[in-house]
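Take a look at this single chain in structure tokens; it is the form predicted alone.
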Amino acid sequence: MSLSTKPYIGSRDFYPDQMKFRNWMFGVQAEVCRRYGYSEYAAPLIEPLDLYRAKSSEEIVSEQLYRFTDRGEREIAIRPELTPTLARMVAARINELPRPLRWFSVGNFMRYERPGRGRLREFFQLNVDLLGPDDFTADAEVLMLAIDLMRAYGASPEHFEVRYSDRRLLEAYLSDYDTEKIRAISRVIDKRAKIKPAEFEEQLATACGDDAGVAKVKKLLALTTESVAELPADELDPEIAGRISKFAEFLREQGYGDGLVFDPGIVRGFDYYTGLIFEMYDRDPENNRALFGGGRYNRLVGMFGKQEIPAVGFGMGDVTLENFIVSHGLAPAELGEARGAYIALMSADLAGPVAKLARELRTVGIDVEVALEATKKFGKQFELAEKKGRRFMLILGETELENGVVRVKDLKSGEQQDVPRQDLAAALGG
């Protein structure tokens, strides 16, 4: 039986040319996060199953977890998200870590889902979290960071918008229902933009179970920032209304108001959200979907039996982000440009001098690939250098060695010249 060359369904292979894009994409994320003072951390790929039973949404635990029993009869899961792990790590050193904590991480995750556009079983995700302050300015900082990430990719308000709400609005309007019913209604609201209006009405009626519930949900979905501010105290705590208003006003004052949209239909799928929730949407009509999102989760760390720490953060998945960057033509052109040098091998006797030349260039920061075998047709080495994406072809033959020069051919322009050994690094841009 021959083995398949395809990766596991819903996962991907990344060849060297694809890694150029991914390294750039993740590099932008790290640069912006560090600019805001966030420190990078990492965590295990697997966790005890109980962590997700207690901290993740029912849908993830029941339908999407990759779970198994290890040789010690322990129930284990491959991480489907990072926030529960973050909470565990912070709780473990709660009295040692200086607050506020500004952390970020890029890692891979797995969920057993039906693969499709923007959704795979294995994905990579940037996680950004701010722990300590329970203030609208902390919410605003995290969202400004998210917007600056989009800007760093070259995106502008014409490409994306931010839809935000407060999870407590939903809880206030559905306070008469138990947790399970609120979850069912939330799932229907979350699907509102993805299904037909008639189907939404039908599913909403089923989830609510009565006309009064349907009316409450529709009233919730019709809210604006102005009408939220006018709600009586017996319907909504004035602190919540005030925080929504201050949050939006602060962002506008800081120059982040373009594309900021209040949307009470944003509910997010995780049960641990306690305040601000937001999602970043692609404005392209052919891909009008959520790119990523996050929110405030003040009680998650405290669920480990220690003190609570207010927290707010977001997760940015690589699949939808890559689709967004490619569809809007935001990838930098230089990613595909040739770079570095390829040193030809004229004969086996010159392997030592060629290796020495390569070492000299590498020590000054120039990427150098060396031919390991001489070919009968010298042109094949030129063809190979071009296929490998090298900018320069270097030739070091007996004549060049005697004269203290290296023949340099620019494979982009076609120009060729003999360059003194001591000037070579400068000629190659080093």
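Because the structure is predicted, anything quoted here is derived from the model rather than measured. Position 1 is the first residue in the sequence shown; the rest follow in order.
A second form of this protein, the form predicted in complex with a small molecule, is not displayed here; the remarks below concern that form.
- Of the candidates 272, 173, 177, 103, 272 is the one whose heavy atoms come within 4.5 Å of the small molecule in the model of the complex; the others do not.
- Only one of 168, 268, 192, 216 comes within 4.5 Å of the small molecule in the model of the complex through a heavy atom, and that residue is 268.
- Contact annotation for residue 113: at least one heavy atom lies within 4.5 Å of the small molecule in the model of the complex.
- Interface residue remark: residue 119 is counted as part of the site for the small molecule in the model of the complex, having a heavy atom within 4.5 Å.
- Looking at residue 127, you'd find a heavy atom of it within 4.5 angstroms of the small molecule in the model of the complex.
- The shortest heavy atom separation between residue 83 and the small molecule in the model of the complex is within 4.5 Å.
- Stretch-level contact analysis of 301-309, 178-186, 286-294, 346-354 against the small molecule in the model of the complex, using heavy atoms and a 4.5 Å limit, identifies 286-294.
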